[in-house]
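Here we start with a single chain on its own, the form predicted alone, put down as structure tokens.
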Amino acid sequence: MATRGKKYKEAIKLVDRQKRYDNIQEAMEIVKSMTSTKFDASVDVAVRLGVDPRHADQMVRGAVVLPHGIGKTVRVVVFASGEKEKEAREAGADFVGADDLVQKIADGWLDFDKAIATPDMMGKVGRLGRVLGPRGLMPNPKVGTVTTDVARAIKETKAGRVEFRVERAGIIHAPIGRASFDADKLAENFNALMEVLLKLKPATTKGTYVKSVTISSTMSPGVKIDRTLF
């Protein structure tokens, strides 16, 4: 802990804590320079929105395909049968099944990162709500993981498709890559995420929509972005 604390204090010296950065690429360079982990740290964004998620009409939820992915191999399971099962296998799904897959997960198997389902399978998949829901793995049509176009969903997911939803405190957390990424690629991923977030602004939202934006890597201080850019 002492070592981590020392590295954190050293990292803080690299960022102006009072500044709100309006140059996204510069902000990414600073985040990269502050990363001191031995592994390839994740770079994440926290966006505080002026919404009240307790109201259904102010729930912000969606997905974005990041142009440069997130630097992680994504293991995908697909709930499908018949021709759609064949389509899923050909598209590169890591595990495909119907009743057998539902039972496998019900028995405790969770060795995957994302789940996709065809609409006709949701009656069976719904029984896994208590298992998949809390882990953010439940297929949902709002983010494109309940679909008849399973090949496209698999391709996008493996390419770096990121799902997000606003938390109770009005904050959205999302990964935008790894510390090993070039700053310009992190900036492009960040801009792609923010573009989608702005399009999802609820019509009932009053006042400032984007209240604050902070970028950080694993165990590093945050770099604040000028919210007026959005």
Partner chain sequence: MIQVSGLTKYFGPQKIFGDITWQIDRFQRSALVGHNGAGKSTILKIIAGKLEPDGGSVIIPKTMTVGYLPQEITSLDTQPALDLVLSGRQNLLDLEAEIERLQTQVQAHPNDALIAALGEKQHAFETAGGYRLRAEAQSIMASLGFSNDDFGKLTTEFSGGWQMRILLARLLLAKPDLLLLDEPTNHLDIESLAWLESFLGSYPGVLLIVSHDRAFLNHVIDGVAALDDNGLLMFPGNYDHYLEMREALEEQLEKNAEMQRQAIAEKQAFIERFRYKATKAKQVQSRIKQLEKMESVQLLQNRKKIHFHFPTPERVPQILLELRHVSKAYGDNVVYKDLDFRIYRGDKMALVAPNGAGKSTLIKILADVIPFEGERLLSDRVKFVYFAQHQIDALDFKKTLLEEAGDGLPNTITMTMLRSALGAFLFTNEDIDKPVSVLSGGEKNKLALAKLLLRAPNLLLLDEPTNHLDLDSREALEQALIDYPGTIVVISHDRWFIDKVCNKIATIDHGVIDIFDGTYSEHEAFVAAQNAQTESTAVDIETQNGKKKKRIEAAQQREAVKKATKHLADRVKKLEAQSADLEKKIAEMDDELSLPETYKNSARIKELTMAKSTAQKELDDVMENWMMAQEELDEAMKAFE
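Positions refer to the first chain, counted from 1. Note that the coordinates shown come from a computational prediction; the quantities given were computed from them, not determined experimentally.
Form predicted together with its partner chain: not shown, discussed below.
Shown alone here, Met59 lies within 4.5 Å of its partner chain in the predicted bound form, counting heavy atoms only. Proximity of Arg75 to its partner chain in the predicted bound form: non-hydrogen atoms within 4.5 Å are absent; the residue sits far from the partner. Put simply, Gly123 is close to its partner chain in the predicted bound form: some heavy atom of it is within 4.5 Å.
Under a 4.5 angstroms non-hydrogen atom cutoff, its partner chain in the predicted bound form lacks Gly160 among its neighbouring residues.
Exactly one of the stretches 108 to 116, 88 to 96, 134 to 142, 150 to 158 approaches its partner chain in the predicted bound form with heavy atoms within 4.5 Å, and it is 134 to 142.
For the marked spot (Arg54, Arg130 and Arg165), a heavy atom within 4.5 Å of its partner chain in the predicted bound form is present in each of the three residues.
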